[in-house]
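Presented as structure tokens, the chain that follows is alone, the form predicted on its own.
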């Protein structure tokens, strides 16, 4: 099953920040409903730049979203306290935490929340030395994190490894290193899942949409099964539906036919 985390409720987006400051429930509810109707399996909730009142903002956002949709939430914050607030209010399905890494403080503060709320977890391929460059560097972190999480009782099926997508505009090999990381993780840990911020690949370049859309197909081919993206982007969702059919992940092409009949495929 492909996991789509709807990315639109994030206060780093000016319109969302304005809606939050003004406590504009209708604007947030509209984003939640549109993402759920477009096929999001999780709604991301991120107010990490509201540093003066993040916990209060997280509470308001989670309650507002859940007043409109019954979709599991992905609680996204650099603050363990804000994560705790969001997770504690999550009512529908098992929540997801975005994210844990092998940075000592982050690992030690997030692990108890995974256990407390029986949450699924996005696992960043990063440790205290910083962001790895090569697939081999990423795999060193993957092995360490998988071992520690496994020993703590976290099941493979609840881990969503993020191979850290970087912009190809600044690192020419960024795309191929992610693809190689996916291949290696899939080979060594066949029961874990994946998650990535798709649009990072095209940052700083023109015509970003075409790069993002082709990268979806490339990563899915190697086993990527989770994305943080805008599910209301019909072209991206059409590419995902089509790729699933071509990769044999759509029984009798039922999803493809349904998408055609709904007009998603154009």
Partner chain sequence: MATLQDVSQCVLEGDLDGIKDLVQDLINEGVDPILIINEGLIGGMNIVAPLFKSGEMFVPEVMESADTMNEGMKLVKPLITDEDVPSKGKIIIGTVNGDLHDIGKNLLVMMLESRGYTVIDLGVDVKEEAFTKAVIEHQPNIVGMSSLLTTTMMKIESTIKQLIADGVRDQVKIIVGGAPVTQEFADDVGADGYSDDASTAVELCDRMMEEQCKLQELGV
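Numbering follows the first chain given and starts at 1. Note that the coordinates shown come from a computational prediction; the quantities given were computed from them, not determined experimentally.
Form predicted together with its partner chain: not shown, discussed below.
A.B. asks: Non-hydrogen atoms within 4.5 angstroms of its partner chain in the model of the complex: do 29, 72 and 93 all have one?
C.D. replies: No, none of the three is in contact.
A.B. asks: Which single stretch, out of 63-71, 223-231, 30-38, 49-57, brings residue heavy atoms within 4.5 Å of its partner chain in the model of the complex?
C.D. replies: Of the options, only 49-57 has residues within 4.5 Å of the partner.
A.B. asks: Pick from 136, 156, 103, 188: which residue has any heavy atom within 4.5 angstroms of its partner chain in the model of the complex?
C.D. replies: By the 4.5 Å heavy-atom cutoff, the listed residue in contact is 103.
A.B. asks: Can you pick the one in 131, 81, 176, 152 that has a heavy atom within 4.5 Å of its partner chain in the model of the complex?
C.D. replies: It is 131.
A.B. asks: Hey, in the model of the complex, does residue 170 get a heavy atom within 4.5 angstroms of its partner chain?
C.D. replies: The answer is yes: residue 170 has a heavy atom within 4.5 Å of its partner chain.
A.B. asks: Is there a non-hydrogen atom of residue 205 within 4.5 angstroms of a non-hydrogen atom of its partner chain in the model of the complex?
C.D. replies: Although its partner chain is absent here, residue 205 would touch it in the model of the complex, with heavy atoms inside 4.5 Å.
A.B. asks: Check residue 126 for me: does it contact its partner chain in the model of the complex (non-hydrogen atoms, 4.5 angstroms)?
C.D. replies: Looking in the model of the complex, residue contacts with its partner chain include residue 126, since a heavy atom lies within 4.5 Å.
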